[in-house]
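This document starts with one chain, in the form predicted on its own, laid out as structure tokens.
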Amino acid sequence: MLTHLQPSSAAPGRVVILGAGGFVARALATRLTASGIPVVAVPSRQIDLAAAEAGPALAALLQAGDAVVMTSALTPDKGRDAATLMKNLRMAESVAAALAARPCAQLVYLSSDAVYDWRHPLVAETTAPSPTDLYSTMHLAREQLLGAATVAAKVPFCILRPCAVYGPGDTHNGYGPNRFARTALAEGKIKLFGGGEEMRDHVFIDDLTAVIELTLRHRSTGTLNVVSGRSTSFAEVAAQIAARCPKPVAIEPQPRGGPVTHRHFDPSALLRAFPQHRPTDLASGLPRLLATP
């Protein structure tokens, strides 16, 4: 649930985006710049948050009126081992050290719906987090580490937990709309685990960046799941993509690697926090994904 410290929308003085080379960060920088909000996008080559000197370097960059958005993370495709976990935790430790030295106006942390156990078929903000692997453990640990740091520094803290994000510019090629679209256009096929029965919620990249901008404009604090509120089977996603492609696409079943799981989200908290927000449905989002050069 969110609390708005600014009930009326007001642009932040400046937004510092950590992890500037990533999918969400690039889309967010584009959106904020178009809205006339000054942006400082910080890539890892400028400040490697996992490095020992990162805390002081970030503190030197920050100004008191800044809002900081942390999108930096090593995703599962970069590693699922203990070394990756510890590197991710060092990133959060560096941000915590920077805030202790130079408190800012707000911290927004981009977490993940992975913090929720898959045994919960319907997830809301009141669902207790229960990580099931090192990646989900990392996000929950970073939430807690940054939460303690922001309390100590008296910095408003907002945690956003998006479900699977799709859209133009994706860098992860995760199973779902992004991978399906790529292979459909490039190879004329979509590989589907089993029968693709699993139900999932997919949020369009523009929806996620819109919600981030709203949390910045309202200086929101608390925790919010960023979702569409509509779960669709992978089979249906594949069929919709295949139907929209200019050439025939074969949908090829593959051996299933695990049990069938479903996930649905209650979007009530999102719609209460931002009544003006209208999630993009797949029928509108997929054509924009497929139109990407």
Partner chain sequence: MIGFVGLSHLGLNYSLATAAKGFDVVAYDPDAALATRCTTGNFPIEEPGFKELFAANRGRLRYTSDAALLAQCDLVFYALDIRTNDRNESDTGPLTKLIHDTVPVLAAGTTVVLLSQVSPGYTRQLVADLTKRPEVKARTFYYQVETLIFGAAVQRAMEPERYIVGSADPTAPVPARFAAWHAAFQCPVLVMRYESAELAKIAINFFLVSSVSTTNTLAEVCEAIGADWNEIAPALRLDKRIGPHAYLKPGLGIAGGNLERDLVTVRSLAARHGTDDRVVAAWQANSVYRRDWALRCVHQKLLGRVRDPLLAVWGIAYKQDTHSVKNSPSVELLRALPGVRILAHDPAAQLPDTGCGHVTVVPGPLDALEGADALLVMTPWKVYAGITAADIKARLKGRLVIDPNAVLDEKGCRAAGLDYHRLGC
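For clarity, every value in this text was computed on a predicted model and none was experimentally measured. Positions refer to the first chain, counted from 1.
From this point on, the text means the form predicted in complex with its partner chain, which you will not see here.
Asker: Just checking whether residue 11 would be counted as a contact of its partner chain in the predicted complex - the rule being heavy atoms within 4.5 angstroms.
Answerer: Looking in the predicted complex, residue contacts with its partner chain do not include residue 11, since no heavy atom lies within 4.5 Å.
Asker: Mark residue 63 yes when one of its heavy atoms lies within 4.5 Å of a heavy atom of its partner chain in the predicted complex, and no otherwise.
Answerer: Residue 63: no, not in contact with its partner chain in the predicted complex.
Asker: Test of understanding: in the predicted complex, would residue 267 fall inside 4.5 Å of its partner chain by heavy atoms?
Answerer: Residue 267: contacts its partner chain in the predicted complex.
Asker: Residue 86 versus its partner chain, in the predicted complex: is there a non-hydrogen atom within 4.5 Å?
Answerer: Answer no; every heavy atom of residue 86 is more than 4.5 Å from its partner chain in the predicted complex.
Asker: For the three residues 122, 275 and 278, which mark the spot I'm curious about, does each lie within 4.5 Å of its partner chain in the predicted complex through at least one heavy atom?
Answerer: Yes, because 122, 275 and 278 each have a heavy atom that approaches its partner chain to within 4.5 Å in the predicted complex.
Asker: For the chain shown here without its partner, which stretch in 24 to 32, 39 to 47, 259 to 267, 65 to 73 has non-hydrogen atoms within 4.5 angstroms of its partner chain in the predicted complex?
Answerer: Heavy atoms within 4.5 Å of its partner chain in the predicted complex occur in 259 to 267.
Asker: In sequence order, which positions of 226 to 260 have a non-hydrogen atom within 4.5 Å of its partner chain in the predicted complex?
Answerer: The stretch touches the partner through 230 alone.
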